[in-house]
Ligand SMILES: Cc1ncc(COP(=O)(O)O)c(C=O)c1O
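Here we start with a single chain on its own, the form predicted on its own, put down as C-alpha cells.
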Amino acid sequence: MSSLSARALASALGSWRGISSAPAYAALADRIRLLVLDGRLALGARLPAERELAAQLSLSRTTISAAYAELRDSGYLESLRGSGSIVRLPFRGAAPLEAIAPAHLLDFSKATLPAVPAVAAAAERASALLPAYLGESGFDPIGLRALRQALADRFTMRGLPTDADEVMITVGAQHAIGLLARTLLSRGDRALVESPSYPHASEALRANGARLVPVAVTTEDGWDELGLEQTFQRTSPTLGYLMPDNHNPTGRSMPVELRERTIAFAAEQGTTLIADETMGELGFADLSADARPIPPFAASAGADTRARLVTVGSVGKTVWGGLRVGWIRADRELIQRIARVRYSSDLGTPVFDQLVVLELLGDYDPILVDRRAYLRAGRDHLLAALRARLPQWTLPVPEGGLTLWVNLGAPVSSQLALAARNEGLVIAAGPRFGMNGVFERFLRVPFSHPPELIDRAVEALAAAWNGVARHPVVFAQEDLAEVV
C-alpha cells in the first residue's frame, strides 16, 4: 500500500481554494474526489493524517476531518484501523471502470474511434489462417515473423529501412512503453517528457523509477526548442519520450529541422529517444489516397548513427482500441534485451490478434485515408459547436490527431470536469496531462466521436460552464505560480 505525503497531496490539489462558493471542507472533498476519478490518486493509496494535511494546507484539523468524513460517506475513502484513510471507489462488486464511467454517462475521457468495418472481415480471414499455427506453442516474446516483416516493409516504404528482426510485436503501445521503461531505466534515472503529455506513458516511466523532466509543448508554438536543448544538456536524461506527430493532446507536429536537432541533442547525451507513433499517420494535411506516407521520426537521423532511436506504434488509434496489437522498432540488440525482460511479465501477443492485424495491413493506407477524413470532419464539427455555445474559450485548430487542447481562460478545469459529470459527461481535466497540478486552464476534448455524441458533450460542457462561471475565481498570492 502506497502512502501519500501531505506535501504530495497538496501539490496534486493545486489551486483548489477560491474556485467554489462551497465551504472549505466541501471544496477540498470535491477536489480529492476528482483526483480519484481522474486517476491522479491511485486506488488503495493512503492519504496523509488529518493533522499533517491541516498543517500543510494551513487549515484547521476540523476542516480536514469534515472533508475526509464527506469522502467516506460518499464511498471515496475507507478508514481502516492501523492503516489510516484509504482511497476507494463507491462501488460494491462491480468493475472499477464501471464505477468511473457508468453506462448512463457519456465518456469523453478517452480519445478513441469506433472500429473500422474491415475488422470483422479481417477476423474471418484470420480464422482461416489460424489452423496453420495451432500445432505451435502459440506464444513467443517477439511476434509472428510474417507480421514483423509486414511492419518492417512499411517502415522501409516510409523512409526508414527496417528488417523483421528490428521489430517486436506487443500488446498495444502502452505495453510497449512499459517494456521499454523496464528495460532501459534504473531507479532515479531522468526521463524527458513533453508537457502536456500522454498520462499513461508518464505513469509507466514513473513506475519504473524515472524522475520526469518536462519540456513544454503548446498549441501556439509547438515544442520549446531552447527548453529541449537545455534539458538535454543539464539533466542528461537516460530516456526521452516524445509524440512528434499529431501530439496528444495539442495536435502539434514537430518540424523536420527540430527533429534533426532533437536527435542530435539526444546523441550528444547518450539519451535513448522513444517516438510514439500511435497517432503519427493521422494528419489532415493531405487526405488523398495517393498521399505521400509520413516518414518516421527516426528517419530524421539520416547518417547520424550515434543516436539510439526507438519507435512505438499500434493499431489502437487507427483501426480499433479493442485490437490490442502494437510494436517496437529498435536495433536488434535492444529487441533482444526487451525480449529477455518481457518473459518475467508475459509470454507474447495473442496469435489470432496478430493474424487479424496482418490481414488489415494490406488495406492500411485506404483505412488511414478514411480515418483522416472522419477525424477532420469531427474536428470541424466540434469547433463549430464550441464556437456557438462557448465562444469565450480559445480553440486551436489542430492539423491532426484526435483532440482539441482547449484554453478555458481561467484555472477551473478540475471544477469544470466535476460539474460536467453532474451533466452526464465524463471528461479528463487538464492536470491529468501534466505534472503537479498544472494545466488547470486547459481541457482536452476529443473529436473522435460521432457528431451526435459531440453535440451532447458540448451541451453538457456548456451547462457545466454556466454553473462554474457564476463563481468568480479568486487566487491567493501563493497560488499564482500554479496557474499555467
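From 1 onward, residues are counted along the sequence shown. Being a predicted model, the structure only gives us computed values, none of them experimental.
There is another form of the same protein, the form predicted in complex with the named molecule; it is not shown, and what comes next is about it.
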task = Quick one: find which of 231 to 239, 147 to 155, 271 to 279, 117 to 125 has residues within 4.5 Å of the named molecule in the model of the complex by heavy atom distance.
result = 271 to 279
inquiry  = Is it the case that Val357, even though its partner is missing from this view, gets within 4.5 Å of the named molecule in the model of the complex, heavy atoms only?
reply    = no
request  = State yes or no: in the model of the complex, is some non-hydrogen atom of Met243 no more than 4.5 angstroms from a non-hydrogen atom of the named molecule?
outcome  = yes
task = Could you confirm whether Gly172 comes within 4.5 Å of the named molecule in the model of the complex, counting heavy atoms only?
result = yes
request  = With heavy atoms only and a cut-off of 4.5 Å, decide whether Tyr198 touches the named molecule in the model of the complex.
outcome  = yes
ask   = Leu179, Arg342 and Thr349: each with a heavy atom within 4.5 Å of the named molecule in the model of the complex?
value = no
task = Would you mind picking the one in Arg259, Arg372, Arg324, Arg88 that has a heavy atom within 4.5 Å of the named molecule in the model of the complex?
result = Arg324
request  = Counting non-hydrogen atoms within 4.5 angstroms of the named molecule in the model of the complex, say which of Asn248, Ser300, Thr311, Ser413 makes the cut.
outcome  = Asn248
